[in-house]
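This document starts with one chain, in the form predicted alone, laid out as structure tokens.
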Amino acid sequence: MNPNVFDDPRITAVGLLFEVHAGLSARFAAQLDEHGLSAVEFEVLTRLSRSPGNQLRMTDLAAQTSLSTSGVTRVVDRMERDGLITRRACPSDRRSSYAVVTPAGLQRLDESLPGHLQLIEDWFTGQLDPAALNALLDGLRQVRDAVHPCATAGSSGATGATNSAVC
């Protein structure tokens, strides 16, 4: 094996991505735990809250979170028991249902967001000047759309690869 292969910028890029993700995830998990939320529960509440009517079809929620449909069902079951979300039948398709944020879920999100946003500012976006942040966001969207084209399934204004992908 060529020892210089590990100097390849592709290896460095992925390694840095993993290191940043691990560092941010650890900080986020500790902060969210203070509010009785797991990272997955926070993501579900955030994705639902950012969607029209604070709701998504269960299949779209699965596509957006990279969870399996059974994984989303388990998370939604748990969050429904905790009163954070509820299910609503889809009027046009009896086989489908919506996950909808409850007022209690919105309150829990509102309580956790200030600390979460501060962590993002302190450890991620605040580390970059505006031009670097915009370039990073553009690059991340481009890679996200390539590797996870259903990441915005069910959202209003979904464009690009999402529209042509089978989600």
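Quick note: we count residues from 1 along the sequence shown, nothing fancier. Quantities reported herein were computed from a predicted structural model and do not represent experimental measurements. In this text, rigid core is short for the largest set of C-alphas that superpose within 1.5 Å between two forms.
In what follows, reference is made to the form predicted together with a further copy of the same chain, a form of this protein that is not presented.
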Single option in Ala135, Val40, Val100, Ala104 placed near a further copy of the same chain in the predicted bound form, where near means a heavy atom within 4.5 Å: Ala135
Contact between Ala30 and a further copy of the same chain in the predicted bound form at 4.5 Å, heavy atoms? no
Does any heavy atom of Ser68 come within 4.5 Å of a heavy atom of a further copy of the same chain in the predicted bound form? no
Using the partner position in the predicted bound form, report whether Met58 sits within 4.5 Å of a further copy of the same chain, counting heavy atoms only. no
Using heavy atoms and a 4.5 Å limit, would one call His35 a contact residue for a further copy of the same chain in the predicted bound form? no
In the predicted bound form, which residues of 119-135 put a heavy atom within 4.5 Å of a further copy of the same chain? Ile120, Glu121, Trp123, Phe124, Thr125, Gln127, Leu128, Ala135
Using the core for the fit, does the CA position of Thr12 change by 2 Å or more between the shown form and the other one? yes
Residue shift check between the shown form and the other one, rigid core fit, Ser70 Cα at least 2 Å: no
